[in-house]
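Next up: just one chain, as structure tokens, the form predicted on its own.
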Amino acid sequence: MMKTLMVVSGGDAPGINTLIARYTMLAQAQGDSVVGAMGGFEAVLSGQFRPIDLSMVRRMEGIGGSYLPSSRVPVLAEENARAQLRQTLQDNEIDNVVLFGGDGTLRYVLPLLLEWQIPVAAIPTTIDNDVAGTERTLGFDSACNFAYQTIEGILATAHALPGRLFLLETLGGDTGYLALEIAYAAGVHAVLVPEYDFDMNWLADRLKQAVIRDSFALAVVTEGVKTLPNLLEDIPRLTDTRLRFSRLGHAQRGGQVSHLDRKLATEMAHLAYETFKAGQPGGALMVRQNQLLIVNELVTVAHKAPPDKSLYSHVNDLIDH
């Protein structure tokens, strides 16, 4: 019988519960068992595990958050971490690890597990979509869908009461992948991301022209844009128009799981389980050219390329076409 340990390291994202449920269903159907760490690798090193309650996690599989508590404490950097981890896994008869994590987890924790020859299936899990080597992370699509609900509400007011300016802030950390994807698909008038500079006078003129043309203006900005406080003051001053500001906040991380993330989680669960049953060492589960692959090279040490500059330019030129 095979015994899998699931560990959530870093932030939560929609789709974690779906994958836990799908993997546990596969394992239990074959007589295998699954346990979860009760607080990231800090819990792993102290042996704080519990069996996955399939009936409970199945009730949670369509919602955001995580059935298993997480932790960002960097305990694997400690001097005796390798020996302690191996001993804990051996004492609890753990055969392999399913690891959920974002950019930091996959760049720093995954290489350690591979180096220590611990079979692992690392799941790129973050709404930010900022993990190098994969086109899409688990939770990204759900976070985009969450934003569209708010955008539709803004547009309802924009059409009912013409002549207004709107600014929507998304999550995304210090990266603009999430904001750019949302802005492009929603057809907004401008998008601002940390990776590319912009001129405040250009932005003000762009929004003024949008109001003249479309009777409203909507811009999207990611939380990592450092000049956001200035935007809230300068845009009304330069346009002589009141600005309505909306912030999605951390609710964007806890939205319902979208179809694409449910499908991705299901495919990842199958690939991880099949990899372990075949006795393979595992690696990171990456989407490349729309195909899910397991990659055991340490490709995740690299940083992801910046958001698509041509897409950024297209969004910010949209009202001129």
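Because the structure is predicted, anything quoted here is derived from the model rather than measured. So that there is no doubt, residue numbering starts at 1 and follows the sequence shown.
Below, we turn to the form predicted together with 6-O-phosphono-beta-D-fructofuranose (F6P), even though it does not appear here.
With the partner omitted here, the stretch from 151-159, 180-188, 240-248, 120-128 that lies within 4.5 Å of 6-O-phosphono-beta-D-fructofuranose (F6P) by heavy atoms in the predicted bound form is 120-128. Using a 4.5 Å cutoff between non-hydrogen atoms, G173 counts as a contact of 6-O-phosphono-beta-D-fructofuranose (F6P) in the predicted bound form.
In the predicted bound form, 6-O-phosphono-beta-D-fructofuranose (F6P) sits within 4.5 Å of a heavy atom of E223. With a 4.5 Å cutoff on heavy atoms, R72 counts as touching 6-O-phosphono-beta-D-fructofuranose (F6P) in the predicted bound form. The shortest heavy atom separation between P307 and 6-O-phosphono-beta-D-fructofuranose (F6P) in the predicted bound form exceeds 4.5 Å. In the predicted bound form, no residue of 103-122 lies within 4.5 Å of 6-O-phosphono-beta-D-fructofuranose (F6P) by any heavy atom.
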